[in-house]
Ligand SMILES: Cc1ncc(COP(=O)(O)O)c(C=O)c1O
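Heads up, the chain below is alone and in the form predicted on its own; it's given as C-alpha cells.
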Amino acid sequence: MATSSTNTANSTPGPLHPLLTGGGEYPFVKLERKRKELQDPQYATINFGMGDPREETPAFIREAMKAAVPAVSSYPATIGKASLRAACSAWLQRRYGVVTDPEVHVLPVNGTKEAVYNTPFACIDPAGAKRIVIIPTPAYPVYESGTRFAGAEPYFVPLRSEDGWRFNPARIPDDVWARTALLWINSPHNPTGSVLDMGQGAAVVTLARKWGFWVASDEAYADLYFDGGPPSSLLQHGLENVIGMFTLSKRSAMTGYRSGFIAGDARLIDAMRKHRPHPGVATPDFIQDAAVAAWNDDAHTADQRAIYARKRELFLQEFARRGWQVEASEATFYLWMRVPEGDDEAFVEQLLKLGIVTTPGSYLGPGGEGFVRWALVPTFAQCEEAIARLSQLQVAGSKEAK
C-alpha cells in the first residue's frame, strides 16, 4: 500500500500559468485596494478612475432589450444576429463613409475588451518569426495582457508630450517592424485623449502593408469628441491589414450590456469568427436587439456628448484656476492632467483620502508617469461635489499652494 507521503506527491498538480502567479495586479484592482486603505469614511466615493459612465442608458435602448427577452432561452450564435451586423455596417457607412459587407467584414463582440484580449490569439503564429506586438503607452492594460497570454512579445513605445501624445512610427526601428505581427492603435486615445489625423492614420496603414503586419485600431471613443470635430477611422484608408473596434459602452452609456463589434480585413475577421466559439463569448440575443436599436440611432449620442462637454468645461475651468495643466484631451471623456511636482501616485493618494478616485498615469504603462487620468463619468452633481472637496487639498506647485 502506498504511503500517505507518496499519495501527496503523486497528487500534486502541475504549475499554474506564470502570468497568474507572478504577483502583478490589474491596475484598477490595485486602485480599489488603495481606495479602501486610504479613504476617510466620512466621504462617499466619487469615482473618476474606471471609465464606467453613471449616466442613464437611453430609455429606448432599455425598452428594446426588455421586449426581446424570450420566454424560452437558447444559445446565441457566436457570429451575431444578421440584423446586428447590418446595423453595425450601416453605422460605419453613415459615420465614416466606409462600405462593408456585414457577412464578411463585421463581427459583434462582447464589448471591445473581449476583442482586445482575443485578437493576439488570432494574429500570432506560435512557431512563426513575427512575434512582436507593438503597444504605444500609456495604454489600456488589456493590450499587454492579451499579448502575453497569447505567448507574444510586447514592444512598448512610450508616447511623448512633444508628439502631442500621438503615436510616432518614426520611433520604431526597421528590425522591429520586420518582426511585428500586430500594432495597437487607439484613437481617440485612452488615457490621453489625443486624436490621430487622417495623414497620421494613413502613414500607419501604409507601414502595415509594407511590412506585412496587422493593425488593430481601438476606436471605442469615436463618438465622444468636442471642439476638434469627429475623429477619423483607420478603416477609411481601406480594410486591408486593418480591423477597427467599436463599442456601445461609451457612446450609449451601455458598459453593463457588453456589446460592440469589430470590422475590417475579411481574413482577420474570419480568423476571429473561428476563434470566438472556443472561449464561449456569444452575446445574448436580447442584448443584440438592444444593440441594434443603439447603432441605428445617432441622436442619443449627441445628447451624451453634451453631457460630457458640460462636465469637461467644469473641470477645465477648475484646473485652470488651480494652475493644473491639461495636455491632449481633445476627445474621450478623459482629462490628462500633469501633476504638480510630478508624483502621480502621491497625488492620487491625497485625493483618495477625500473619497475622490482618479487613475495614476504610471498605472497605465511607461510614459504615463507624472500624469493623472480623470474619467468624467460621475454625475454632474458628483463632479460639483468633487470640486468642492478639492478645496481641502494642498498640493505643492499649484496656484493655491503658493
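So that there is no doubt, residue numbering starts at 1 and follows the sequence shown. Predicted model only: the values in this text are computed from it and were never measured.
Omitted here: the form predicted in complex with the named molecule. The next part is about that form.
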Decide whether W295 counts as a contact residue for the named molecule in the model of the complex under a heavy atom distance cut-off of 4.5 Å. no
Is there a heavy atom of Q304 no more than 4.5 Å from a heavy atom of the named molecule in the model of the complex? no
Taking heavy atoms and a 4.5 Å cut-off, does G111 contact the named molecule in the model of the complex? yes
Does T247 reach the named molecule in the model of the complex, with heavy atoms at most 4.5 Å apart? yes
Looking at L268, A220, V157, L196, which has any heavy atom no more than 4.5 Å from the named molecule in the model of the complex? A220
Only hit among F121, Y140, Y225, W165 for heavy atom within 4.5 Å of the named molecule in the model of the complex is Y140
Exactly one listed stretch (282-290, 232-240, 82-90, 249-257) reaches within 4.5 angstroms of the named molecule in the model of the complex by non-hydrogen atoms, and it is 249-257
What I'd like checked is whether T45, F48 and T359 together line the named molecule in the model of the complex, meaning each has a non-hydrogen atom within 4.5 Å of it. no
When the named molecule is considered in the model of the complex, the residues of 331-350 having a heavy atom within 4.5 Å of it are Y334
